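What follows is a single chain, given as structure tokens, in the form predicted on its own.
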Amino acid sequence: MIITFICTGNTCRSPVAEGIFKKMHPEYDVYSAGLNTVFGMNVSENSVIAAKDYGVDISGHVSRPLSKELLMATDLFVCLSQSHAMQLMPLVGKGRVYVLGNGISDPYGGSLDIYKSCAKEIYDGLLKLDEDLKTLPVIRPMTEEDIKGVAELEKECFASPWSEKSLSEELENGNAYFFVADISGEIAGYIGTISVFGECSVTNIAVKEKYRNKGIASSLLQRAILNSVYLDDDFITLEVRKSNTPAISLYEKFGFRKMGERKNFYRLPTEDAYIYNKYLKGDSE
């Protein structure tokens, strides 16, 4: 899992959060970045001192702005204030954004005591984050370890499910991009796409019945759309059963437009499909 802590300048709050959470979870890839900063600024001396109270040395940290690469790679953005979250949500979707605690007070320009109080706020927020990660759907790239869980999800959701072998073969396809919704190790949902010569095709999107109506499908679709933007795709295309009103509503909410139909596209039961496209570089000619 890749987690990125977000604040404004990346010299006070987020470096402390990054350092402490790395110590708590060395198995995660943990970063921090600022929404309004430049690369290479030194971390605040008071933040360095405050972090040492938690056994963390952040003296070597230098600021970095949120890059396109980090925007794409991050599975969960942990924001240090609600205003940071509001700026990120239009870019990455609500499902990939988490606000630490009740928002962490900015100590910039304050005394050492204020910085130490801020570090305590951060630490308490990280303990809560640690608990919330047990129930929070994290949207991340699919791995080989997820194949069995995704295959089980396919059996639950589709009359003609993909096998573990088929999923494994697709995952090895250099043009395939699969993402899962992971809730404490359980695969709650997934989306698969294939991008070739500027065209992205959605192969499947599924959510376990017990996790539906919780925004997981929206988060998965948002991640796939952002991935296609990063790949410089021209458009995304998909098919949907004519009777699948919830899915149609979801696609139209994200700007997909009905372009045509495929007769008898689906089996078990036989049904026509609508073709929906979303153009990523303006309308088609």
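The first residue of the shown sequence is 1; numbering continues from there. Since we're looking at a predicted model, the values are computed, not measured.
Absent from the display: the form predicted in complex with a small molecule. The rest refers to it.
Student: Within 4.5 Å of the small molecule in the predicted bound form, heavy atoms considered, which of L167, V92, I205, I187?
Tutor: Contact check passes for I205.
Student: Just to confirm, with a 4.5 Å cut-off on non-hydrogen atoms, which of V48, I225, I216, L66 contacts the small molecule in the predicted bound form?
Tutor: Contact with the small molecule in the predicted bound form is made by I216 alone.
Student: Partner absent here, but in the predicted bound form, which of 197-205, 124-132, 177-185, 81-89 has residues with a heavy atom within 4.5 Å of the small molecule?
Tutor: Selected stretch: 197-205.
Student: Is the gap between V43 and the small molecule in the predicted bound form 4.5 Å or less for some heavy atom pair?
Tutor: Contact with the small molecule, no.
Student: Going by a heavy atom distance of 4.5 Å, is E239 a contact of the small molecule in the predicted bound form?
Tutor: Result yes; E239 sits at the interface with the small molecule in the predicted bound form.
Student: Tell me, yes or no, whether R212 is in contact with the small molecule in the predicted bound form, where a contact means a heavy atom of each within 4.5 Å.
Tutor: Close contact exists here: in the predicted bound form, R212 approaches the small molecule to within 4.5 Å, heavy atoms only.
Student: Evaluate C157 for contact with the small molecule in the predicted bound form, applying a 4.5 angstroms cut-off between non-hydrogen atoms, and reply yes or no.
Tutor: Contact with the small molecule, yes.
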